[in-house]
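Heads up, the chain below is alone and in the form predicted alone; it's given as structure tokens.
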């Protein structure tokens, strides 16, 4: 009995040791992180080197880098990358323009500013599915709002999603409508941090509006703009929900982004190993984009120093 009590007391003292308390507190979080994130990543990375299909009971066979070679030499994959690049470029540029203009508007006080700001921020609070459904109904050629407005000026039925260019434009508009407020918040944070005395000094020196913007405003928002470009480029590069709901990759496969193609490869064609290889190629591209951003930020910091 005494030995058991001593053993419990020793274990309790070991638990209460301040040096071990921190490790014990973070252990559950690390365990959950490993089970939910790290282990699936390691498992899928291993599958990318085998010939495996989720719909087959055959024993996976080791293929080495063949899956990566098949993916990188597949013309369909490069076509999807080109489509994704077009959508990402158009959407991010449109978000930057709209977000910057909205930030300039809200940087100044005006009546009902808070209410209007809440309404402008609403789109980014919605789910991707709801935004996709909304715009799919907006673009509907029979009863959609877009078709109704166009029919006021022409008798022909307007089908925006009927052409590749129109379908891409529809996706870009939906994504920009949803995420321009995010860019606005970042830019607005930079605008409100600019000291007012700098503008007062510029007015005394009779500096033009363009010179005030380029020498005072832009340096304060430059890093935030780069951050907005990074975040929105990565997120738009992975765009799936809105594309799949609005166009399902059509007409044909002209709006099929790399994320939609990855989904179809994995869950419709059950090419599990190839989809894993493609997923890690996409991950590599995201890492490269992040490193480019960090390089740009570090260079700016060196220039300031």
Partner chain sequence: MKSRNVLRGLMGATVLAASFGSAPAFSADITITMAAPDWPPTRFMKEHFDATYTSPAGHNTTLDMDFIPWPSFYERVAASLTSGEQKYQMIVTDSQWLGAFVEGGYYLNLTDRINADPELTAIMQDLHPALVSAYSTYPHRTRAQLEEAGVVPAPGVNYYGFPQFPDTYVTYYRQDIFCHEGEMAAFQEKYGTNLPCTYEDWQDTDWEKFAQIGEFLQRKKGDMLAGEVLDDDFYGIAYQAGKGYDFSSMQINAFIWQQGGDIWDESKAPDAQAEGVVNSDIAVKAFDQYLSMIQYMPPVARTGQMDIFVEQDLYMQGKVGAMIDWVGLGEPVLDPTASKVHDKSAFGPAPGSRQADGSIDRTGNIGGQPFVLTTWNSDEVVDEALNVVKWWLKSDTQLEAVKNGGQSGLKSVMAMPEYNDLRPWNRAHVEMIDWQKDVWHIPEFFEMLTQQQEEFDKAITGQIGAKEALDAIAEFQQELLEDGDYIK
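Computed from a predicted model, the values in this text were never measured in an experiment. Positions refer to the first chain, counted from 1.
There is also a form predicted in complex with its partner chain; it is not shown, and the following applies to it.
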Inset, instruction - For the three residues 38, 99 and 203, verify that every one has a non-hydrogen atom within 4.5 Å of its partner chain in the predicted bound form; reply yes or no. - result: no
Legend entry - in the predicted bound form, the residue from 113, 196, 211, 76 that sits within 4.5 Å of its partner chain by heavy atoms: 76
Legend entry - Contact assignment for its partner chain in the predicted bound form, among 65, 30, 42, 54, heavy atom within 4.5 Å: 54
Legend entry - its partner chain contact in the predicted bound form: residue 140, any heavy atom under 4.5 Å: yes
Legend entry - Contact label in the predicted bound form: residue 232 to its partner chain, heavy atom within 4.5 Å: no
Inset, instruction - Would you please decide whether residue 257 lies within 4.5 angstroms of its partner chain in the predicted bound form, comparing each non-hydrogen atom pair? - result: no
Inset, instruction - Consider residue 60 of the chain shown here, and say whether it contacts its partner chain in the predicted bound form, taking contact as heavy atoms within 4.5 Å. - result: no
Legend entry - Stretch in contact, per heavy atom within 4.5 angstroms of its partner chain in the predicted bound form, of 43-51, 276-284, 263-271, 65-73: 263-271
Legend entry - Within 4.5 Å of its partner chain in the predicted bound form: residues from 148-166 (heavy atom criterion): 155, 156, 157, 159, 161, 162, 164
